[in-house]
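One chain comes next, on its own, written as structure tokens: the form predicted alone.
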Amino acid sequence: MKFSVEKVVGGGRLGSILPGGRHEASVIETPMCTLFTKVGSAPHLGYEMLKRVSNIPDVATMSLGGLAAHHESVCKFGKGLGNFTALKSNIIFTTLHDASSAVTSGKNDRNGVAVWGKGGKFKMDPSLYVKVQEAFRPDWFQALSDGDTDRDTGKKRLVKSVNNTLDFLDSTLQLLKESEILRDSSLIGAIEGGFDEEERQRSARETSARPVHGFLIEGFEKGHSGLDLFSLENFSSLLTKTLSCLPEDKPRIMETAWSPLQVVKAFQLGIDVFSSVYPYMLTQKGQALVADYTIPPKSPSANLESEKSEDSSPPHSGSVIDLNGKSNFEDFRPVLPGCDCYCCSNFSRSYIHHLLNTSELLAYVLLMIHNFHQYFHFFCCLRNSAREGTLEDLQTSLELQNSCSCHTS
């Protein structure tokens, strides 16, 4: 993997990733998001339904929780995880934990790290971890790491977290020297340290000194992505100081459930690659993304200062709507008027409200299509906005929409 920065805008980096390996002809523009998956497939969507989504990311993230225990079966299959999951055209990026779930605390030690699936705990030391990766044959893979930390973790535990992660990394690098299968795969180092500035910077400097291809920033929230990190007083400063210790020629990744507004903020701090777990978490709640990313904004919800009349209600208010609400019972508009996704082109809010209230699985299929479509479209708009010098306008528009978000339309 190679990464180059083309332009810095408001602290954010417009760049390109050359993934190398079997995708050596590909060029991926940043900022970007990955395709979030559950047990190797897009949540709620089969392969044919996924193809109805526009702007599908080149990189598919697959967490080991639900997959590691089956590595022997994938090994016997002999063609890697991409072929096994019918996502062979995607760049496969294996990570330790599912970004939509919390990490079970107290199960990591200096001998290994635990991941969790339906079969329970699966603990890996560096030797088994490399064996699992050889079975899966990913294009990118996260180094084994001890990310069981958050803002309440004490200094002693944070020091152990960083030490364990560095020891795992060194052991993995030694094992990789003997692995012909993973020769063309890119190793992503993990940056730990919780909310301790000294440990964060030590982790960043020490990991940068190893031959890794990129960096995954974790350990802020024990793998649970429901927390708005930007609401914490020292998060932005800490992240900035951590990233200042990393080289400019390698991508920085965060697997966090961030709304479009939070993505803009993180991008300006220096994050290049994001997860698409956020649209999945909205879908699970029966909610839909309806934000306006155009500059200047076109929708009334993004320009509420001009909405003076109490008698006229805008097509939608805020950046997210809740389709469980009774107000959707006879609302025959699309989820987002003007959206050209498969869901909005064929179904109404009323119909999806009905599906949610009757616990029909189709509700989540349609909402997943819509939310993925909108989130992936947002990253196209983010890159265009950064190129055209309208990043501040985009952030201001999203802040206005977020301040007016409601859970009914």
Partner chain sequence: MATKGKHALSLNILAKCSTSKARACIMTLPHAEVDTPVFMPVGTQGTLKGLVPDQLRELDCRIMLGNTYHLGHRPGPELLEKAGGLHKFMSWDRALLTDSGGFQMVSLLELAHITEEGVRFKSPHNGTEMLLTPEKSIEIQNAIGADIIMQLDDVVHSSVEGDRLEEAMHRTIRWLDRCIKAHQRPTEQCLFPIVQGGLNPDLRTRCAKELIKRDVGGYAIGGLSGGEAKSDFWRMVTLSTDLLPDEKPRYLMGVGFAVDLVVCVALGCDMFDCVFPTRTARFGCALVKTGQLNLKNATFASDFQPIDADCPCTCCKNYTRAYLHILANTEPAACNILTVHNVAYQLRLMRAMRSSIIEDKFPDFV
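Numbering follows the first chain given and starts at 1. Keep in mind it's a predicted model, so treat the numbers as computed, not measured.
If you look for the form predicted in complex with its partner chain, you will not find it shown, but the lines that follow are about it.
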item	value
Ser244, Ser73, Ser89, Ser237 - the one with a heavy atom within 4.5 Å of its partner chain in the predicted bound form	Ser73
In the predicted bound form, the one of Ser259, Thr95, Thr172, Thr85 near its partner chain [non-hydrogen atom within 4.5 angstroms]	Thr85
4.5 Å heavy atom contact, Ser26 to its partner chain in the predicted bound form	no
Touches its partner chain in the predicted bound form: Leu355 (any heavy atom, 4.5 Å)	yes
Its partner chain contact in the predicted bound form: Ser41, any heavy atom under 4.5 Å	yes
4.5 Å heavy atom contact, Glu360 and its partner chain in the predicted bound form	yes
Which of 155-163, 327-335, 173-181, 103-111 sits within 4.5 Å of its partner chain in the predicted bound form, heavy atom basis	327-335
Three-residue site Val264, Ala386 and Thr396 fully in contact with its partner chain in the predicted bound form at 4.5 Å by heavy atom	no
Those residues of 46-73 which, in the predicted bound form, come within 4.5 Å of its partner chain by heavy atom	Gly46, Tyr47, Glu48, Met49, Arg52, His70, Ser73
